[in-house]
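One chain comes next, on its own, written out as structure tokens in the form predicted alone.
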């Protein structure tokens, strides 16, 4: 299984330049609203036409502007799960699913496939209900079932949990993960949630302002996001301008000029560092510096301690430290440390350049 995308599309003042390849499993596209995530999916599905470039799925060209190839959506072998699920409101669950089996002439074969997918997605007993009689999670499962009955080579999931409350989202994510693990094709999941990307995607690409900034194995992305926006989108609360002072050392002027050791080598073009809120520690001796606590916010299972470094610039925002309630003491800490492996060197996003599509 493989998918290669190298496209450019302009829509008004917005410009999309998406170039990536993936070789199977579940890939995430992580980005804020308006970053170009859904437009990328729509170009792959054939709903929108890129201005130029190529899209190749499992060796078959879906789109190639230079060769004049632009397959219609129904010929691409792509299943698209819309945010709204796009079920036919006047049809029952059974009728919605049978729409995907209309090419199967054998009635017994249709029934076997329908029963199999209903069992897979826990839809038994819902066959005669209409979409308005279903919960959000049930509607999502019906939409997925209808797509899977078409046996797509590529499954496109556009913010599949955006319409669900947090409780139902937490219940359905493991189910979707198990379903995708048994899916023979490639899946591409668009999300603005770092938690969804981390739980569901083997690799993740960060998209911002129509550009893919970085693409990595998901755990590696969180360990080293490389760019400011990628660090922010993966949940890093403490991001600040910095300058390189050594192969494994940076200085942070806004934090009183403290110097921090890093495990990741520091490049010449460093512009900032990031430290995740969970990575500060009372016990860590490395990269230790005095602090002054400014606020303490209690959450259901954690405390958020906001603090400032000694000599910190008045214009610089407070730093965030998250810790479990079991580790919170009555006394305010006077100093914190952070392991070198938790200091993330960050670089500016490369300038947008006019690039030719791949040949």
Partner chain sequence: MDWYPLWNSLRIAAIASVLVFFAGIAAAYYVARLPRLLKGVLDVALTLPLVLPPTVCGYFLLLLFGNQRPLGLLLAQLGIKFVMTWYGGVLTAAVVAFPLMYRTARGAFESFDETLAHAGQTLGLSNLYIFWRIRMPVCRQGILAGAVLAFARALGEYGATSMLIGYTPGKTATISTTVYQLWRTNDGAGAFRWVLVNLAISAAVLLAVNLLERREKKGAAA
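Since the structure is predicted, the reported quantities are computational estimates derived from the model, not experimental observations. Positions refer to the first chain, counted from 1.
Beyond the structure shown, there is the form predicted together with the partner chain, which is absent from this document and is the topic of what follows.
- Comparing 314 to 322, 300 to 308, 45 to 53, 287 to 295 against the partner chain in the predicted bound form, the single stretch with non-hydrogen atoms within 4.5 angstroms of it is 45 to 53.
- 99 is the sole member of 263, 120, 181, 99 with a non-hydrogen atom lying within 4.5 angstroms of the partner chain in the predicted bound form.
- The contact residue chosen from 219, 115, 130, 199 relative to the partner chain in the predicted bound form is 130, the criterion being a non-hydrogen atom within 4.5 angstroms.
- In the predicted bound form, at least one heavy atom of residue 78 sits within 4.5 Å of a heavy atom of the partner chain.
- Contact check for residue 146: a heavy atom falls within 4.5 Å of the partner chain in the predicted bound form.
- Contact between residue 166 and the partner chain in the predicted bound form is not found at the 4.5 Å heavy atom cutoff.
- Among residues of the shown chain, residue 90 is one whose heavy atoms approach the partner chain to within 4.5 Å in the predicted bound form.
- Using a 4.5 Å cut-off to the partner chain in the predicted bound form, not one of 280, 326 and 333 places a heavy atom inside that distance.
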